[in-house]
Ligand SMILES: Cc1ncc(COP(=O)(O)O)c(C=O)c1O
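To begin, one chain is listed below as structure tokens, in the form predicted alone.
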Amino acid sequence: MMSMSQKNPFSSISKPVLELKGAKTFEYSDMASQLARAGKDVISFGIGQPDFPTPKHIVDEAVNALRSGFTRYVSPPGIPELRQEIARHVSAFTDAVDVKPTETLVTAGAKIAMFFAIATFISPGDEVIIPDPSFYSYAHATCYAGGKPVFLPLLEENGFSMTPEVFQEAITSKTRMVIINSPHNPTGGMLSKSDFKGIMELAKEKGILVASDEIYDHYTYVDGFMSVLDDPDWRDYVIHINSLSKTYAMTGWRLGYLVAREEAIKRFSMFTANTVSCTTSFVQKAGVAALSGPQDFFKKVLTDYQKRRDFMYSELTKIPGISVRKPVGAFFIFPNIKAILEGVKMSTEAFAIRLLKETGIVVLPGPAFPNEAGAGYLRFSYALPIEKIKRGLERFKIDVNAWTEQTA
């Protein structure tokens, strides 16, 4: 036991770690689990993961790999057959020309892939332009690397799309990277083709790296998706980040990938070798099955999700005090509840917590992503069965109306 005069060695925590923040998605999920264990009927529009099972042929391949003893270390960049499939898949899905396996890296999910990209190229003082709202870890990883997040507000009236004009205004001599995410979490927005091209042209002209999170690339409801790999010059300034989590319902498998010029991939591989050694071997075998196997199952998934989206949009527009744009991608809807908050005199987060505790409805407050541009908005995921969506929205409408009447 330490004496009173001894210094506690655990009290000295590095500044970058002290500044790391947790994920509200998991905080709300944990709160919901506690309420459910206490007997509360919880309906979660919170954490963003598909509700359909991982396709059987993918699971079977993982089981086969386990049974055959494919459980040892593999090469840090990934097994050759998966890197080959990633190269083939992105070349087929985008307009990229001849992506090579050596231009790919297998990672334990897309989140760590984004961390690798930021930590490799961002030095103290560098600026990273980040859409606001956006996935929280973009900003957290930037701060950890010593960089400065430059938040670029996404406006509802612009369809939550970053425009070349506001991007250009945010560029300084210290700008090193811009992060784009289209389709977009949390708003369900998507860059228009003209905005996308304008941003890419500016980045190329100014020598700015583009780190593109395209994890929702298959969840598009309009003919407008563009990938950073569509640019024939992508090797000069692009880092493509993706994952199998959403398209193949493999969130817990932790399997993502990076595509970039070969020299960058070699540097990213050093992170893998010095952290996790390699992405789980038998999971990589499942990844080969996912990318090389039948893809037609997803047509039904997308049709089903579009019906859920349309229903949620229709029902939310009927609630007084809410305005909402119909999402064009991903599986989130981001209603504006500012008028309701003004009436009940609550912050966005206080409203979300009250909703959870009193009604058992899980939604995420806009400021969780991760700044104040999301204030006054809630993120609903519609990755849950339509019957639960109906019950949850009915409960939401009843309780919001009751709270509003109490304060009128």
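Position 1 is the first residue in the sequence shown; the rest follow in order. Keep in mind the model is a prediction, meaning the values are calculated, not measured.
Separately, the form predicted together with the named molecule exists; it is not shown, and the next lines address it.
Colleague: Would A110 show up as a contact with the named molecule in the model of the complex if we use heavy atoms at 4.5 Å?
Modeller: Flag for A110 set to yes.
Colleague: Evaluate H89 for contact with the named molecule in the model of the complex, applying a 4.5 angstroms cut-off between non-hydrogen atoms, and reply yes or no.
Modeller: Close contact is absent here: in the model of the complex, H89 is far from the named molecule, nothing within 4.5 Å, heavy atoms only.
Colleague: Hey, in the model of the complex, does L82 get a heavy atom within 4.5 angstroms of the named molecule?
Modeller: Heavy-atom contact with the named molecule at 4.5 Å: absent for L82.
Colleague: So in the model of the complex, does any heavy atom of R308 sit within 4.5 Å of the named molecule?
Modeller: So R308 does not count as contacting the named molecule.
Colleague: Within 4.5 Å of the named molecule in the model of the complex, heavy atoms considered, which of R176, R254, H140, K285?
Modeller: Exactly one residue meets the criterion: R254.
Colleague: Only one of F268, F196, F167, F135 has a non-hydrogen atom within 4.5 angstroms of the named molecule in the model of the complex; which is it?
Modeller: Selected option: F135.
Colleague: Of these, 150-158, 244-252, 223-231, 71-79, which stretch puts a heavy atom within 4.5 angstroms of the named molecule in the model of the complex?
Modeller: Checking each option against the 4.5 Å cut-off leaves 244-252.
Colleague: G48, N185 and D213 - do all three of these have some heavy atom no more than 4.5 Å from the named molecule in the model of the complex?
Modeller: Yes: G48, N185 and D213 each sit within 4.5 Å of the named molecule in the model of the complex.
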